[in-house]
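Structure 1 and structure 2, given next as structure tokens, are two forms of the same protein chain, each shown alone.
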Structure 1
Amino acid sequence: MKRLLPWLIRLAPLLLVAVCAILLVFLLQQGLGSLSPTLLFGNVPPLQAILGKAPVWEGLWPACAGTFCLVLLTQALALLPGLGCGIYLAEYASPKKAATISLAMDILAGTPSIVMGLFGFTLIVCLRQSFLPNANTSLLLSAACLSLLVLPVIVSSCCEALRALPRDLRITALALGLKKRTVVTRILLPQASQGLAAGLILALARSAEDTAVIMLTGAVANAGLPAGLWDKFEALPFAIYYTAGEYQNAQDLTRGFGAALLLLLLSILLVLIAHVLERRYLRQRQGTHAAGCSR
């Protein structure tokens, strides 16, 4: 028994690695062959597809473009509130206010994405019944709900990045007679930029992969390239979900695997970048992990 125990304990991580390896190999085996321009553009010449001159029916390009727009829009919507709230939490909030803000962020972080989606859905239903009878689920609504989803990620990483800065920096700058807001925006924020970037990239990854929110707020299977803020759109995760249930032939299925592989690689890449940035940032600051910024 004594001899066996270390080996029994080693079984647990081995099992996990094995399961993940099986899933990954399966995905690669099914999807790797399809990774080519055809996967994205079908039979349409890539340049024309990218410029939007020819519609793509047999490729993932509209879904990719949709996800791209969605992610950018989400980031644009969430950036200022997220940074502002993170700065306030780290630099200005009294303990009481900090408790309120972190409670709000904790609640938001714990809320399932489908509930965020429901929130967006409810919003549209309300608008339609009141003063915007033509309102419908759309790209903008999805992005708004997603920005709610990534808000806690941005807030907590912004707060953590600021708190990892040395205390001396703050005191020195204040002792020079600078106003606190100047210190924060001109000295602390640039110093913390690498940590901030890590948080933003994490938020990017989070908004790119979420499916439940966009399912309820405007993603559809055949919308073509995203036409505008008020239109329905295609997205990569939704395309994957849709393929699993509605595929017609082997070609559809292969495209589904290609899409899954693409999304997987994308989020792994983003998270790796964020990880490296964060490690570098914390090592530079020799920062112990700052406490108090809940995640």
Structure 2
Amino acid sequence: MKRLLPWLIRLAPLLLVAVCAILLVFLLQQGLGSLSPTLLFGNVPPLQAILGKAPVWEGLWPACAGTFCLVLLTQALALLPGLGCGIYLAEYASPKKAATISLAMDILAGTPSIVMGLFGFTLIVCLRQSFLPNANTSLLLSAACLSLLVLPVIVSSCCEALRALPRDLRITALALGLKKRTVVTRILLPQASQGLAAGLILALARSAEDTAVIMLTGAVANAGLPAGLWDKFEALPFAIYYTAGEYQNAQDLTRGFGAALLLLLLSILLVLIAHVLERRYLRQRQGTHAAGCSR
């Protein structure tokens, strides 16, 4: 068994890569042939569709734009609370408070997405029956519910990235007379930037692929381009779900595979953008550090 264990450890990542490769090849075989401007824009000229001058009812461009807006709004709502909670857990909270908050984060992380969607839908129902009779599901509600789902990812990544830093770094900074706030913002957070970026990338992927939440809180089949925070919207995960349940022929099914491939490409694009921003920040930081050392 001791001799077999190292081989099993080496086999595990190979198995993971193989499964991902098989799924990717299958998706490419089924959906690559449908990738064309028609899949995105239908019969509408691409430039007019992108600028919003002509509505697109037979293409996936509104769903792509809705997914992109949903991801950005979700990150905007979850970023500051997630970073603040992670910093508090790692640097300020007592062991008792840290254990309580960690337990709450674990419960939130284990909450199924369909439950979060029901929570958002129930919230709208309660608001309609109380003091907001015109309340309705919308892009903002979907982003708010998704931000609660990705919040534990940001909190845990921030907390673990800060705790992984050497303790001598804190002691030296405090010994030099720096305040705790300055130590956290000027020294610890820049040093933990790679861990923070990894958590944000995971949060991006989670918010882009979820279907159960948006299905109950604002996503519809035909809404056009996102018109505002209080309006309904289209999203690629819901378009895939809707096509899988309502397709009438092989062409509709191929269109669904094309939508799944577009969602995968969009997720890869968001991850690449985050990775480029991270590398750019690290290069700027290294350049600033080198300039400071030369002085």
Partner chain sequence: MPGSKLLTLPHDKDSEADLWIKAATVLAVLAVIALCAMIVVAALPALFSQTHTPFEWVWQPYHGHFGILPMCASSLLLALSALIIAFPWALGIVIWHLTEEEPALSWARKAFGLFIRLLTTVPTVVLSFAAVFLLTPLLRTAFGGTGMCLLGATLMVSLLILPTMVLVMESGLAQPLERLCPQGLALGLSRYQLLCHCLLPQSRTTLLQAAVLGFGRACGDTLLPLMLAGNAPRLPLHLTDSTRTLSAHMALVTANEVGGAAYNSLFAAGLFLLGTTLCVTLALRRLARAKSSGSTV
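For clarity, a rigid core is taken as the largest C-alpha set superposing within 1.5 Å between two forms. Numbering runs along the sequence of structure 1, starting at 1. This is a predicted model, so every value here is computed, not measured.
Source of structure 2: the form predicted on its own. Among the candidates 39, 193, 24, 171, the residue located at the hinge where one rigid part turns against the other between the two structures is 39. If you fit the larger rigid part between the two structures on its C-alpha atoms, the smaller part is left turned by 20 degrees. Aligning the rigid core leaves the CA of residue 12 displaced by 10.1 Å between the two structures.
Overlaying the rigid core between the two structures leaves the Cα of residue 266 displaced by 4.0 angstrom.
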